[in-house]
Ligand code: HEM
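First, one chain by itself in structure tokens, the form predicted on its own.
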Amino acid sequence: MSSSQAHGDRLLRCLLTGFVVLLLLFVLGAACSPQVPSEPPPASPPTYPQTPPDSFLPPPAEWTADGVISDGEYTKVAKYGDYEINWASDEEYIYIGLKVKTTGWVAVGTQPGTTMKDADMVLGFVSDGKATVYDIYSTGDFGPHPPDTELGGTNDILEFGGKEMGGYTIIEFKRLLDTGDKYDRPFSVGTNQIIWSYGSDDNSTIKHVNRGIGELDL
């Protein structure tokens, strides 16, 4: 073997040895390096519907003059012993439901005083299953209280109904907040003073068995 060939063989062995050493160092370094777990992608924020499901929404309350005071039909209520008045209003109308422990007539009026003088009143009763409701006006401290139409005014009760159930008389009616009739007092935003009464008979000329004053807040 010539000297040049021997020199070439030694150079090749050195190169191979160096390659093997580098390969071993790379493998050992990879095995000893700490394994850092990869982070999971960020979770998407939960989404919610813009409106709750229909099962969570309260049913729409509709007023009907059927002589039945249903849940949600009125927004406010006041009780004076056996006399109960329910009411609701919008920008144009007021809706009133009276529930009184009697089989006679029931009445409510708006009046800033304590007597009946100049009181704007609504009186109703139920006879033989039929409701009758009057728009009346008191001309004296203790009456009489004829219908507005007999005084030159108008009947401004737009809808009404009533029932007798379980010893109670229920009268419901609707009218404008401000009828424009001089024999009607307008209902205004805030506190409206009322007078109330009821009798033991359907004959409204028979004196009441109970009466009082109260407030109706809009």
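The first residue of the sequence shown is number 1, and the count goes up from there. Quick caveat: nothing in here was measured; it's all calculated off a predicted structure.
If you look for the form predicted together with the ligand, you will not find it shown, but the lines that follow are about it.
*Asks:* Which residue, 100, 131, 96, 121, is the contact with the ligand in the predicted bound form, using a 4.5 Å heavy atom cutoff?
*Replies:* Looking at the other structure, the residue within range turns out to be 121.
*Asks:* Report yes if all three of 116, 206 and 212 come within 4.5 Å of the ligand in the predicted bound form by some heavy atom, otherwise no.
*Replies:* Affirmative, all three are within 4.5 Å.
*Asks:* In the predicted bound form, does residue 85 have a heavy atom within 4.5 Å of the ligand?
*Replies:* Residue 85 lies outside the contact set for the ligand.
*Asks:* Contact between residue 108 and the ligand in the predicted bound form at 4.5 Å, heavy atoms?
*Replies:* So residue 108 counts as contacting the ligand.
*Asks:* Of the listed stretches (157 to 165, 62 to 70, 188 to 196, 170 to 178), which one has a non-hydrogen atom within 4.5 Å of the ligand in the predicted bound form?
*Replies:* The contacting stretch is 188 to 196.
*Asks:* If we check the ligand in the predicted bound form, which of the residues in 173 to 188 reach within 4.5 angstroms of it by a non-hydrogen atom?
*Replies:* The stretch does not touch the partner at all.
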